[in-house]
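Below you will find one chain, with nothing else, as structure tokens; this is the form predicted on its own, and questions on how it binds or moves follow later.
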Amino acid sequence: MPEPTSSSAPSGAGAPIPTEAPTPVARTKTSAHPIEHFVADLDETPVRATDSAVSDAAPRSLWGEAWRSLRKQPLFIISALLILGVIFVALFPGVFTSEPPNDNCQLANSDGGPAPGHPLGFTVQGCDILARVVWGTQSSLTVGLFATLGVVVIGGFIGALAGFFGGWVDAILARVGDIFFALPLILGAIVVVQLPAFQQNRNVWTLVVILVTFGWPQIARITRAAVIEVRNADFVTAARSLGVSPMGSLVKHVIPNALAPVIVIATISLGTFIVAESTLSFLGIGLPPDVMSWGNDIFSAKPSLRSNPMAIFWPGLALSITVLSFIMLGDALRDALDPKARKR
């Protein structure tokens, strides 16, 4: 009986090297588990739908993405509508009331309730509450708006210089900012308002100057941090290598790309300055009594709080709604402009 030959061959020269038959990778059918493959025709597949996509479309900018996100946020829509309503009341007060704010005050109507043509009642001096609330919107909103613009311009400029140049410029400006930052806004305003120069010239603009004086360090710090983050970006380095001056690079490239956090803080600060004006007027050291504002109305209604609480309720409600609207808008802007906080 012949012996089985070994599968191995000698490694000498001329010895054939045995090769194994290739094993099929996949089988379409087996006896145990038949597998059937279906291949659709090319004409039946919706491949052409992908050809209609625009592949060379320009990507959206930060502001484009922010606007796209804001349009879908109910918080932004509600706050924007409320703010537009407040601005419309401040610009066109005659649409909401035809009653003169101070010319038709009669003591016979002192602390009176609602009457025909006077749906909110009367103050302790017999003035129409609705007229005073409507006309007081102008002063309160003017103080908040221009104080915010002032702190953004001054604080933004100082913070941008400190963050971009660094070194001794940053050290000096940072120490100056720390001095003003250590003084609370309301306390500093109370002290400065007592000076004779401000006591004799109390008006909307002097109050704006006082609030700007003590309110700019916060914006300066936010701007400085944003500029430090942007100044080493590749596009800033490319601009400098192309011969753009440091100041031109700061104005054209760094500041526009560092505005997002500044806008958020400025929106919230606007409500803060409106509250500051009302607080100073409530203490009797803000706007003079002949200037209508929500703070003055709350101060005037303080003696009749128990007998006529509505006289203090309506200006307080207008103040609360306005401040809450700006805070809500700031929160919505923060979520939209911050890529880390943006919800996908």
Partner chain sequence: MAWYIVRRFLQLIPVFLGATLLVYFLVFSLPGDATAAICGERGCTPAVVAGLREQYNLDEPFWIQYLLYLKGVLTFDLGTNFSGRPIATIIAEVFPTTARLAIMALVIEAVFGILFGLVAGLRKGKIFDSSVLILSLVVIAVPIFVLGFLMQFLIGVKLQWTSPTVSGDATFTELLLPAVVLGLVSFAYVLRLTRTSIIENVNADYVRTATAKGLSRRRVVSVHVLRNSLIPVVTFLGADLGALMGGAIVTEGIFNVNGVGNTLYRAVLNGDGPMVVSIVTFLILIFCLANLLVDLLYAWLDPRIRYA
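Numbering follows the first chain given and starts at 1. Everything quoted here is computed from the prediction, not taken from an experiment.
The protein also exists as the form predicted in complex with the partner chain; that form is not presented, and the subsequent description refers to it.
Novice: Among 83, 150 and 165, does every residue place a heavy atom within 4.5 Å of the partner chain in the predicted complex?
Specialist: No, the whole trio is out of contact, none within 4.5 Å by any heavy atom.
Novice: Does the partner chain get within 4.5 angstroms of any non-hydrogen atom of residue 91 in the predicted complex?
Specialist: Outside the cut-off, so no.
Novice: Can you tell me if residue 69 lies within 4.5 angstroms of the partner chain in the predicted complex, counting non-hydrogen atoms only?
Specialist: Heavy-atom contact with the partner chain at 4.5 Å: absent for residue 69.
Novice: Can you check whether residue 289 is within 4.5 Å of the partner chain in the predicted complex, heavy atom basis?
Specialist: It does not: once the partner chain is placed as it appears in the predicted complex, residue 289 has no heavy atom within 4.5 Å of it.
Novice: Is residue 311 a contact residue for the partner chain in the predicted complex, using a 4.5 Å heavy atom cut-off?
Specialist: Answer no; every heavy atom of residue 311 is more than 4.5 Å from the partner chain in the predicted complex.
Novice: Exactly one stretch in 185-193, 154-162, 83-91, 131-139 has heavy atoms within 4.5 Å of the partner chain in the predicted complex; which is it?
Specialist: One stretch meets the cut-off, namely 185-193.
Novice: Where, within 128-157, is there a heavy atom within 4.5 Å of the partner chain in the predicted complex? Residue list please.
Specialist: Counting only heavy atoms within 4.5 Å of the partner chain in the predicted complex, no residue of 128-157 makes contact.
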